[in-house]
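What follows is one chain in structure tokens, specifically the form predicted on its own.
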């Protein structure tokens, strides 16, 4: 009888964590609706088509699904075997974007490569490359990295070249997210607490030094501090301080239950980037605090599922898969925390999109690729021990 049950289990087809898939679809649908609502005015004005961004986002969702299918067909051992290649691919992309004539400049930064049908923000795929590189490094040299200060420094030394290239674009927000994910991976891998604490202090100190030694970053901080005192001061109009003031007006207008879907006034050119970096303010204005909390609840549940996938792999001693899943989960978590914090005034503007919700092809494709990787990690773990995971949110 036991042999029959085991045979039936082996014949079952497992398509990955059901909750993760459902939550991803809910976030995609929520994002598509809110992004369309936030972009109709700018679409009608700039492209004579109020649904221009809606159609564009649909195309990227389709491309993301195609890409997810390709990723699901690639075994995880390939990602582990190719970890050094992924590291150098990240360096190549970050170098190419800085070459005049290759990199595309917009908004004061050179962060994109024009591919013809889209502009690729190279920091997005770089996040995946570095997470898998660090996961392979941790799984192969775990004891050395986690037991000695010399080993603990190695991951940060290897991160320096891509970090420097990102800062040259400049893309400080991507640096913060990547460092956040790597620090979390090291902590969860079992790095000694005092090593971790020392690294956290050094990273925070380096971040502060980068802000105080950069004119444009200091202007962002200054305008951020000035915003609530005088949001219409001539020095900060249409700067990050102005955006923050308008975002908070959106939160204030929405109150608890919002003005109703499509009834935002801030999207009428009062709030720059209302369909990208500041879309959470449009959500607050149209759906209220309740709508924002519902969206954040979806993200919390999504990240919990990703962490459970990582934990299941760790219990089965599949350390590369576990560390990669942890890293991907914390990439999502870092972007959500920073984006929401910027929108409510806890942080200066970092120029980071809200996963699945903001308009942006590079961000959406990368998010869907990361979900596909999490599902692949979960499928291979389940197929390895022939049991369906039972954890629930």
Partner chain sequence: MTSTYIEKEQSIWRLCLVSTAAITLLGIIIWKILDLQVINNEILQEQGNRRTVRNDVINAHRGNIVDRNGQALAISTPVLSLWLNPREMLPNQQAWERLSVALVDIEVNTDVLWNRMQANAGKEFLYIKRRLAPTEAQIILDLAIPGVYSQEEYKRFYPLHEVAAHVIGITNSDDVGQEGLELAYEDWLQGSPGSKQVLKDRRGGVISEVKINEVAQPGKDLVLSIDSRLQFLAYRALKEEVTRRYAAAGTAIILGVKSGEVLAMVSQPSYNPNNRINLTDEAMRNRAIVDLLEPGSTVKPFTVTAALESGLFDTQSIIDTNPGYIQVDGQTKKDPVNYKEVNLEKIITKSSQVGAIKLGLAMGEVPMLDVLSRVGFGTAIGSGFPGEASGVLPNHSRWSKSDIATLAYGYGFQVTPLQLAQAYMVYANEGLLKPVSLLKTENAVVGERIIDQELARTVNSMLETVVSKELGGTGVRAAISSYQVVGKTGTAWYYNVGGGYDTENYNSYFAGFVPAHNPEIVAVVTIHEPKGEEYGGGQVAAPVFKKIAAGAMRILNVPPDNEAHTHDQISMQYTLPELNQPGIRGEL
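Positions refer to the first chain, counted from 1. Fair warning: this is a prediction, and the values are worked out from it, not measured in the lab.
One more form of this protein should be noted, the form predicted in complex with its partner chain, which is absent from this view; the next part is about it.
The partner is not drawn, yet in the predicted complex one stretch among 265 to 273, 114 to 122, 98 to 106, 158 to 166 has residues with heavy atoms inside 4.5 Å of its partner chain: 265 to 273. In the predicted complex, its partner chain sits beyond 4.5 Å of every heavy atom of residue 173. Contact between residue 315 and its partner chain in the predicted complex is found at the 4.5 Å heavy atom cutoff. Under a 4.5 angstroms non-hydrogen atom cutoff, its partner chain in the predicted complex lacks residue 61 among its neighbouring residues. Contact annotation: residue 330 falls within 4.5 Å of its partner chain in the predicted complex, judged by heavy atom distances. Put simply, of 93, 153, 203, 289 only one has a heavy atom within 4.5 Å of its partner chain in the predicted complex, and it is 289. Using a 4.5 Å cut-off on any heavy atom, the residues of 343 to 382 that reach its partner chain in the predicted complex are, in sequence order, 344, 346.
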